[in-house]
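Here you get one chain, nothing else, as structure tokens; it is the form predicted on its own.
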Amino acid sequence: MIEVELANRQAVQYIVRRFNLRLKHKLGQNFLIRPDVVEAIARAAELDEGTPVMEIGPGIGTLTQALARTGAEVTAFEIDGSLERVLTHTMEPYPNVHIVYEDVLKADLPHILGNREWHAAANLPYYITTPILLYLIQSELPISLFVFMMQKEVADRIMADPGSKAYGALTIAVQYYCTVEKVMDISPTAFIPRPAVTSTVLKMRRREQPAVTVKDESLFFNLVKMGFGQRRKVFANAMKMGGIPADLAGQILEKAGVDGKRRGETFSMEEYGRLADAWYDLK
């Protein structure tokens, strides 16, 4: 195949017609038609010749092409086996691209990725953005940088400040492990077919150490779950609903120097860290 620009309207429409594609809404198959967008994602992924980069959901290869053009070693995971005939065609000019036709959540990633340091870039299917993101950042896989496109609403939650409506357990889970910055917002007009929402690209770099140091991560995340699982309750009551006896809850709050009459959605990550350490010391 002669190399052509895949991320434009004419190319995508031609491929859809030629291969008689039936786009699967449930798999989030919305293909980019903006070369500047895929190039911006590739730049944000900080790729050099030979850099191992993992992509999730290549579709017909619009972003895959931009990643491959950097000279990086691209390993893309595609759950839709019917796209193999398309990707075999569109990725023919790029020997540095390897497609794995598996669900990334079920693939043997430790074996596939090995011990090298990887970057990751993807236009994530919106229906499964959060499970994929949390799985990857909470794992011990050797991925140091994530550049992911997602629904703007999810990106806003990840970047939210304490006390805001968007602030929640997802905010803390991502920011605990990674620094986060916005790369760009993307209009629905940048896709075929058009999604109903605006998209956002986030760049998340894995921290060398978590954002807060805690004595027991499981206690930390249990408290976060309590705080946001009972958003309308003051935190002292949310702790009791979470199974912590009232007397112990009072001791934890006092030792941590946190007002239990506040709601958990107002607590900073550092306050959750102090609460977790107090609970650990009192157990």
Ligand code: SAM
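Residue indices: 1-based, along the sequence shown. All figures in this text were calculated on a predicted structure; none of them were measured in a lab.
There is another form of the same protein, the form predicted in complex with the ligand; it is not shown, and what comes next is about it.
Although the partner is absent here, F31 sits close enough that one of its heavy atoms falls within 4.5 Å of the ligand in the model of the complex. The shortest heavy atom separation between P162 and the ligand in the model of the complex exceeds 4.5 Å. Residue contact check for L63: one or more of its heavy atoms lie within 4.5 Å of the ligand in the model of the complex. Put simply, P58 is close to the ligand in the model of the complex: some heavy atom of it is within 4.5 Å. When contacts are defined as a non-hydrogen atom within 4.5 Å, all of F77, D80 and E102 contact the ligand in the model of the complex. Checking 108 to 116, 175 to 183, 126 to 134, 207 to 215 against the ligand in the model of the complex, the stretch whose residues place heavy atoms within 4.5 Å of it is 126 to 134.
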